[in-house]
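Encoded as structure tokens, the following chain is the form predicted alone, with no partner shown.
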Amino acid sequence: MHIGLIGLGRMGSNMRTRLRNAGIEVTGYDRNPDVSDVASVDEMIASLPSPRTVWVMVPAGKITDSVIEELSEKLDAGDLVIDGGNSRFTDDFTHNDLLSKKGIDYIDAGVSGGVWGLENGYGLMVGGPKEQVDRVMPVFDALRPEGPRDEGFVHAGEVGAGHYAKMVHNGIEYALMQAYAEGFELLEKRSDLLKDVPGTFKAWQRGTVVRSWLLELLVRALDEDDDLSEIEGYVEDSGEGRWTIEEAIENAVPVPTISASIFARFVSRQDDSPAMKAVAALRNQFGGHAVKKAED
């Protein structure tokens, strides 16, 4: 099998390597000529056997939209486009409609695994027609982790289902990370009693009910910086968490834990939270609780 891959950033380049290691031929294109296999999208398309398969691995939003639009003009009927970025599932409907008018098929693929995917494989959540998913199953098998297929890959449903599953996956991820982070802060606060915070997290990796890959990654981070003093407590969100909450509101599904994890990230972006100032002022007004004066 021979596929095209557009977008050779950290994820895309590792995916190209993993595919090649599994015997899949890949022609990759990136705007950065230092990592690109070809000089243009046209050259990439010309290198592919018909019917062509092109995997798009670029940032969600306008960039993905522009790539899909370009492919709609340059590919032929019977070709297939796979969007493996973190697109919102509603964008999949737009992309599918655009491509289907030209007879081009479309699959959306939620991909999880980050920079470790090259070594460990990627968790894949796919939406699209079964015949097209089956057609490129060798690609999915090459990318997913070793072991039973259904433990690293799911054909979640029709177009949009893959990115919907990935959206919810990332919402859960936000909440899990926040729980570990809050536990870390509480343990750090009682340094008078608890003398080995990194060791405590490390001891949770086997046998406990909170063991996970995220826990292993936190242990790794603490091995490198045992009190995390070398980084600032500023956290971005890439969109999926917000979309999860919006979908929950639309469908009247309570997601208080995921919601709280998103709002906690917003607090991280404020040097001195106005909301916390208001809480302190109110506590002082109704209960006479002491307030800490702001430093000049």
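Since the structure is predicted, the reported quantities are computational estimates derived from the model, not experimental observations. Numbers follow the displayed sequence, beginning with 1.
We do not show the form predicted in complex with another copy of the chain, though everything after this point is about it.
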item: Per-stretch contact check against another copy of the chain in the predicted bound form, the hit in 97-105, 111-119, 70-78, 134-142 (non-hydrogen atom, 4.5 angstroms); value: 111-119
item: Heavy atom distance at most 4.5 Å to another copy of the chain in the predicted bound form, all of Val38, Gly85 and Lys130; value: no
item: Another copy of the chain contact at Pro33 in the predicted bound form, heavy atom, 4.5 Å; value: no
item: is_contact(Thr257, another copy of the chain) in the predicted bound form, heavy atom dist at most 4.5 Å; value: yes
item: is_contact(Asp226, another copy of the chain) in the predicted bound form, heavy atom dist at most 4.5 Å; value: no
item: Contact of Gly233 with another copy of the chain in the predicted bound form (heavy atom, 4.5 Å); value: yes
item: Heavy atom within 4.5 Å of another copy of the chain in the predicted bound form - the one residue of Leu48, Val26, Ala60, Ala264 that qualifies; value: Ala264
item: Within 4.5 Å of another copy of the chain in the predicted bound form: residues from 163-179 (heavy atom criterion); value: Tyr164, Ala165, Val168, His169, Ile172, Glu173, Ala175, Leu176, Met177, Gln178, Ala179
